[in-house]
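A single chain, nothing else alongside it, follows as structure tokens in the form predicted on its own.
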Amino acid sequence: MLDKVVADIKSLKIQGSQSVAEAAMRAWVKARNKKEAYRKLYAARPTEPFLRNVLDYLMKHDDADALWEKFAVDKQEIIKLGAGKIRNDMIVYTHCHSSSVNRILVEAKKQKKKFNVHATETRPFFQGRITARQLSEAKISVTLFIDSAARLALKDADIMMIGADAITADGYVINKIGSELMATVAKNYGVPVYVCTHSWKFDPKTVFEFEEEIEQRSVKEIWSNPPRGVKISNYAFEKVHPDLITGIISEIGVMKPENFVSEVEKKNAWMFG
């Protein structure tokens, strides 16, 4: 099971920070050799501090049951806080696929709020289609835009909600490529930008001036046989400047990036031990 989970994480068969971390937890629990499982899972994806924080916690405390319970409670708190930001007749814009954002929108729908969602497709793997499909199945009105039509998707929006793969000590949010572009467009139109995420996406290594690695994936994902001399850039993620972020919605509250970082450091001393 361990090697299959590692392969599925690397190939994006398992995607989304929370899904990756939860799959890693299950694999670690079932593994006989915990140190080997830790090593293999830790190296499965470079830009995944949630995965690393979960594995570090398990190695230090060996209490997966407590972690499952915590995450279940935390998930509901994020959903509650996020759904509170959705009002009737809103247009909500989102980029890529975030399980946290989708759960928030589904909850807002359950609360009988009427709103529309604009989503961008998110090349090269089209994770935006996952978002659109799931929202459609929940009977939420959703329009899918190609990435280069993001201005059209955002110009009439009332709020932008995205997930996060990592958050650094200086308040930068690392999310799917295109996220800062979309946040910049949002700022130009006066659209507030909220990042919906678990606080364990924070990367404690960045406190000590280690740079969060931005994953580059195979050029073949973009163009399987490019002409000679054509270089391909395939960064999977990018940094979103904290000045573009209205607030981070997590289980510890809704906070500005700088306040979020300070609060995470207070509540998670074990990350720095």
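None of the values given here were measured: they were computed from a predicted structure. Residue numbers here begin at 1 and follow the sequence given.
Omitted here: the form predicted in complex with ligand RUB. The next part is about that form.
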**OP:** Note which of 127, 199, 134, 168 lies within 4.5 Å of ligand RUB in the predicted complex, where distance is taken over heavy atoms; exactly one does.
**Re:** 127
Original post:
Every residue in 87, 116 and 153 with a non-hydrogen atom within 4.5 Å of ligand RUB in the predicted complex?
Top reply: no
**OP:** Report whether the minimum heavy atom distance between residue 250 and ligand RUB in the predicted complex is within 4.5 Å.
**Re:** no
Original post:
Would residue 92 count as touching ligand RUB in the predicted complex under a 4.5 Å heavy atom rule?
Top reply: no
Original post:
So, in the predicted complex, is residue 100 in contact with ligand RUB at a 4.5 angstroms heavy atom limit?
Top reply: yes
**OP:** Verify the contact flag for residue 105: yes if a non-hydrogen atom of it lies within 4.5 Å of a non-hydrogen atom of ligand RUB in the predicted complex, no if not.
**Re:** no
Original post:
Which one of these stretches, 139 to 147, 183 to 191, 160 to 168, 107 to 115, sits within 4.5 Å of ligand RUB in the predicted complex when only heavy atoms are counted?
Top reply: 160 to 168
Original post:
in the predicted complex, which residues of 37 to 52 put a heavy atom within 4.5 Å of ligand RUB?
Top reply: 45
